[in-house]
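Just one chain follows, in the form predicted on its own, and it is written as structure tokens.
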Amino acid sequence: MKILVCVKQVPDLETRFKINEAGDWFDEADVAFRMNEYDEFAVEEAVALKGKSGADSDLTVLSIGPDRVKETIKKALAMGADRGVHIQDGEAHRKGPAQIAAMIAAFARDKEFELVFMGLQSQDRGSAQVGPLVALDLGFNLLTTVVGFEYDAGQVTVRRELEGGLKAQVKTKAPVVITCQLGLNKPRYPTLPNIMKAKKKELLTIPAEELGAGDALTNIVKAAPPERKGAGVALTGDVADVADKLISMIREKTGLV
């Protein structure tokens, strides 16, 4: 069984962002990057399945971006993936979901993958479109918002998270793209021995141009931090007094009686 996991490197959301000199993106100089949280669940599920399947399984991890994304690939290798694929594209952040999905599909099309795991969405863009578009490009079945996963001889059974806290159980056959929701599992921490082993694993770099990637189809005209609004007001004192003050302020600001 051949498995592909797609991961994305995203800025750590605790970072203090600054706009670059061109004014169309953030300055990466002092930004810390990490694996997209949703993708950590995808890697864990793929590695766990590989462990259950034994020697017959083969797990590849793929990421698109500049050279720095290799660190995220190495983390997935240390978690248990067999090899890494880096699609080198310094302008990946300017490309939309359709272009990203097209590159993934171009790589995967002739590799006979049965399962493609990825996070439900990325923490920086949050479009949740790449997984469905990869499935469309490859002609694979699609299962999204997965919070429970089982695999048996080509049959995939999942629990999906729906609106309003509901769950649905769905069955389908491989090949299939699975997008993983938070809580699907508990991602493992790479151990030091596995980190050392990861350094010896294959990490292939493919220029994005070889996969048909063209220029970005969207143009970022301007990036800017949120406008500062007036300072907040802290109300202190007895609960009843605070409630009265809050009601008075709402009436003054909105005209409500």
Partner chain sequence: MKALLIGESRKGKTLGSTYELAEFAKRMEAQSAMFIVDAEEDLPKYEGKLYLASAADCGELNPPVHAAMAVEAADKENADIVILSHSPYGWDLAPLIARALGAGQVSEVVEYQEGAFITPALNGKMRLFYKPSTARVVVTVQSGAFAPAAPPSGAPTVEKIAAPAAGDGVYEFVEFEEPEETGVALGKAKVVVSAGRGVGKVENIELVKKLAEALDGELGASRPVVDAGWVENGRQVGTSGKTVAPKLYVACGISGAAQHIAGMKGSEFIVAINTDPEAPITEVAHVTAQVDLKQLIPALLEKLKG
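Each form is matched to the other, and the largest set of C-alpha atoms that superpose within 1.5 Å is called the rigid core. All of these numbers come straight from a predicted model, not from anything done at the bench. Positions refer to the first chain, counted from 1.
If you look for the form predicted in complex with its partner chain, you will not find it shown, but the lines that follow are about it.
Q | Contact residue in the model of the complex, chosen from Leu192, Ala32, Ile220, Leu204 - any heavy atom within 4.5 Å of its partner chain | A | None of the others qualify; the residue that does is Ile220.
Q) In terms of non-hydrogen atoms within 4.5 angstroms, which of the given stretches 111 to 119, 174 to 182, 67 to 75, 83 to 91 touches its partner chain in the model of the complex? A) Residues of 174 to 182 come within 4.5 Å of the partner.
Q) At the 4.5 Å heavy atom threshold, is Ala224 in contact with its partner chain in the model of the complex? A) Because a heavy atom of Ala224 falls inside 4.5 Å of its partner chain in the model of the complex, the answer is yes.
Q | Partner proximity in the model of the complex: Asp152 to its partner chain, non-hydrogen atom cutoff 4.5 Å | A | Asp152: no contact with its partner chain in the model of the complex.
Q | Ala216: touches its partner chain in the model of the complex, heavy atom cutoff 4.5 angstroms | A | Yes, Ala216 sits close enough to its partner chain in the model of the complex that at least one of its heavy atoms falls within 4.5 Å.
Q. Would Met79 sit within 4.5 Å of its partner chain in the model of the complex, counting heavy atoms only?
A. So Met79 does not count as contacting its partner chain.
Q. From first to last in sequence, which residues of 91 to 129 have any non-hydrogen atom within 4.5 angstroms of its partner chain in the model of the complex?
A. The stretch touches the partner through Leu120, Gln121, Gln123, Asp124, Arg125, Gly126, Ser127, Ala128, Gln129.
Q) Can a Cα shift of no less than 2 Å be assigned to Leu13 between this form and the one not shown, given superposition on the rigid core? A) It does not reach a 2 Å shift.
Q: Relative to what we see here, could you say if Ala22 and Ala101 have their Cα atoms closer or farther apart in the model of the complex, with a change of 3 Å or more?
A: Relative to the shown form, the pair is closer.
Q. Quick one: Lys70 and Asp215 C-alpha atoms, closer or farther in the model of the complex compared with this form (3 angstroms or more)?
A. Result: farther.
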